[in-house]
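Next comes just one chain, in structure tokens: the form predicted alone.
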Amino acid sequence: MSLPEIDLVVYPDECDAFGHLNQASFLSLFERARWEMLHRGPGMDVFTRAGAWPALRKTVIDYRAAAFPGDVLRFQQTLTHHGRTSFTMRQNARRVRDDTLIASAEFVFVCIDRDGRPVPVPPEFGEYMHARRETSGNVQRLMVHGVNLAVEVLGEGPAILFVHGYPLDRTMWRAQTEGLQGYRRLAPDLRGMGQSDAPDLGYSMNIYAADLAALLDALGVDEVILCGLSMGGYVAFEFLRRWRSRVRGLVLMDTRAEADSPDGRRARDAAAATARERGPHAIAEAMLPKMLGPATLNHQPDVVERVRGMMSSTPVAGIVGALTAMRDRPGSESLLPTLEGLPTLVMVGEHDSLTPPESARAMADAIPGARLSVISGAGHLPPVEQPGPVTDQLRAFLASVQ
């Protein structure tokens, strides 16, 4: 059984003078979606049948984008906490036509009787809410540590886990997930990016890695070949510290093992302030010249716009969270020599100015048995700038991993 997604239309009388869906009406739509979900499942009287009533104790809403008359909003509901007498529901509202996250909310309820005394949550409600949601195409949405994460799952065979960089999303791996048949390709959006939830708090390399481990558990995957680019490499290092036994092979792409310097940490804080004050577009414009190589910037306008779009659509909460996580991450130099026996490929763009080839070469030299591959014509994002050569290099490496 799966939880139904509820589609509701925005009507003009729910909007303010400027035509935006107003906040009071949003609360009403969230509530209507909850009751409609119960109507399709155990019934709207599931609480009264048990002599209980869900009294709302706390509400936290994150308004992300505007909705207008005629928009169809799709509400997704998940139980994030189930206590004896209380429960917490997380609801997302996405616009159907473009899958934009319009708002997300958490509601804390306490079940009470007619005299206002706490009573147990009806078992039938808990059983229904714990149903697992069905997949939508190749993309699954899974609740992990109270956050709804989007993950693309393709094919069968040995599993490859692709971890994207900052401030990007899983689609940066599109050429690789489409081109590496014969493997089970897993490409999640990290929390705060892409189509995953972007909570205001809860970002660190430890949390990113724990999210990935929980995703693998939910998907029934025991071992992976781990492939991380840039910040995805930092996440990979943390994953290795905690779950080395689950990694069969490692690809470190355009990343580094060192922690941030004092100047680097100050730059992270300055970028976070820019994101808060001027939004993701300012981050995208500042980063774009550093992310791509000269040949890409001058001769691949479609790639430039694709990367700009990924960065510009990253929520501010996700940008700030990632910057904080990168600023505070530990160095991983001491981890590198311990990776002996783990098949490892270090890959870097020829013109990468953020993590240059000489840094990649030093990292490869520090990992016993690691191979180094320099991708001609690419900057910091070889999978997007030179997708064919990167896919070919990955295919050759994967074939060597036993």
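Residue positions are given as counts along the sequence shown, with the first one as 1. As the structure is a prediction and not an experimental result, all values here were calculated from the model.
FYI, the form predicted in complex with a small molecule isn't displayed, but the following is about it.
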message: Under a 4.5 angstroms heavy atom criterion, identify the one residue in Arg74, Arg308, Arg268, Arg246 near the small molecule in the predicted complex.
response: Arg268
- prompt: Met291, Leu226, Leu212, Val235: which sits within 4.5 Å of the small molecule in the predicted complex by any heavy atom?
  reply: Met291
- prompt: Does each of Gly165, Arg256 and Met326 have at least one heavy atom within 4.5 Å of the small molecule in the predicted complex?
  reply: yes
query: Can you check whether Cys111 is within 4.5 Å of the small molecule in the predicted complex, heavy atom basis?
result: no
message: I'd like to check something about Ile61: if you look in the predicted complex, is any of its heavy atoms closer than or equal to 4.5 Å to a heavy atom of the small molecule?
response: no
- prompt: Is the gap between Leu354 and the small molecule in the predicted complex 4.5 Å or less for some heavy atom pair?
  reply: yes
message: At 4.5 Å between heavy atoms, is Val119 in contact with the small molecule in the predicted complex?
response: no
message: For the interface check, one of 272-280, 89-97, 174-182, 227-235 should have non-hydrogen atoms within 4.5 Å of the small molecule in the predicted complex; which one?
response: 227-235
